[in-house]
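There is one chain below, alone, in structure tokens, taken in the form predicted alone.
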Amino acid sequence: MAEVRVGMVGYKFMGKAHSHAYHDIPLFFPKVVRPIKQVICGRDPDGLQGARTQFGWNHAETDWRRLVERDDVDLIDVNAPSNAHKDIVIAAAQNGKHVFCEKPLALTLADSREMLGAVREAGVKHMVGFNYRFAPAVKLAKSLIDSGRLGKIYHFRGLFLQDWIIDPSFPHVWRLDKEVAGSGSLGDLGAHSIDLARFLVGEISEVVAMSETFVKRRPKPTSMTGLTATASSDTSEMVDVTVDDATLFMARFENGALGSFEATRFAPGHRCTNSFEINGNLGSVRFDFERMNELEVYFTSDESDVQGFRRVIATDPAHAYSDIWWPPGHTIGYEQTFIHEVVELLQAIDEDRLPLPNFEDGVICQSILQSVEQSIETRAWVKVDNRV
């Protein structure tokens, strides 16, 4: 296959990130199947046309139903709000389109399993958007664990901390509405930590959790784009917040390791602290996405006079993707995680295999999210159903 023609639903925060990936892949990965930015789709005609021009898409559609039926599209990219995922994905699969869907996969575990069933029945390729797997430093952590250099894994500690809604006057954006987003910090941020934990350590068997909504009501929004928004000047127009502001949970892994997870949007000074620490009997690794090109590594085998965490800059040719980008020491950024992610998808389509992570990973993540929510309700440990 020489090219893959893409139809994308969504054109704001994630739409820009995905558009950038499709644009840069031919520049840096010339041997990969070429993505064609064929059709961009959104409900607002004015905003959509502006995005089509800015992001360089060939055509625009205001109805995703027309998009998934087009003969000039091979892949449907879904980065609309979570409540739209299920219907678009199932219709795309039924029309024979490959599917790339942002996380979390759906509002509920049942919906995510229905989506997985649809892509399996249609025999199309499917991928879920866990882009942080594709940071070279995370790939290095994976290599150290899989090769046994950290030994038996004992602990995973995952944090995803932000502060963008800490002001109680910040408006009630769609991410604060359970009917649209599914959950708050848990699904928005915690899903990424869960995926990294599964990717690096293994499957989670049970969880116990708690959560809190610190600001119960917020002003009605007049506009929103990405993580920014403006509030109505009418102070009487207040809307109930129906998702969690912060969620913490503990977990047991099937391999015996213990895990702790924290997701919050109420941590002043933390813009995007997506971090983890993993401890094994032979060593440890630490990662923080705000310093995404670095991995801190510790080995117990080091001589006692030089023991301690060392900082590894994952930009040398020894590290994943580094030969594609810049000379050693010249860093890459957030956008490259999406490029690497889409490269995996395009290669999988070309090689007739499933990409990783795919909808099976999305379903298991959704099962863990549901188990966390059940634990919050019951104030007890809950077993995770990892069946796909």
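In this text, residue numbers run from 1 along the sequence as written. None of the values given here were measured: they were computed from a predicted structure.
There is another form of this protein, the form predicted together with ligand SOE, and it is not shown here; the text below is about that form.
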| message | Test of understanding: in the model of the complex, would Asp188 fall inside 4.5 Å of ligand SOE by heavy atoms? | response | yes
| query | Any of the heavy atoms of His98 lying within 4.5 Å of ligand SOE in the model of the complex? | reply | no
| message | How about Gln162 - does it come within 4.5 Å of ligand SOE in the model of the complex, if we only consider non-hydrogen atoms? | response | yes
| query | Is Ile145 close enough to ligand SOE in the model of the complex to count, meaning some heavy atom within 4.5 Å? | reply | no
| request: Give a yes or no on whether each residue among Arg157, Leu200 and Phe287 has a heavy atom within 4.5 Å of ligand SOE in the model of the complex. | output: no
| note | Residue within 4.5 Å of ligand SOE in the model of the complex by heavy atom, from Ile90, Ala84, Ala257, Cys272, is Cys272
| Of Arg133, Lys125, Arg218, Arg175, the one that lies within 4.5 Å of ligand SOE in the model of the complex (heavy atoms) | Arg175
| Among 209-217, 300-308, 188-196, 112-120, the region lying within 4.5 Å of ligand SOE in the model of the complex by heavy atom distance | 188-196
| Stretch 102-120 - residues with a heavy atom within 4.5 Å of ligand SOE in the model of the complex | Lys103
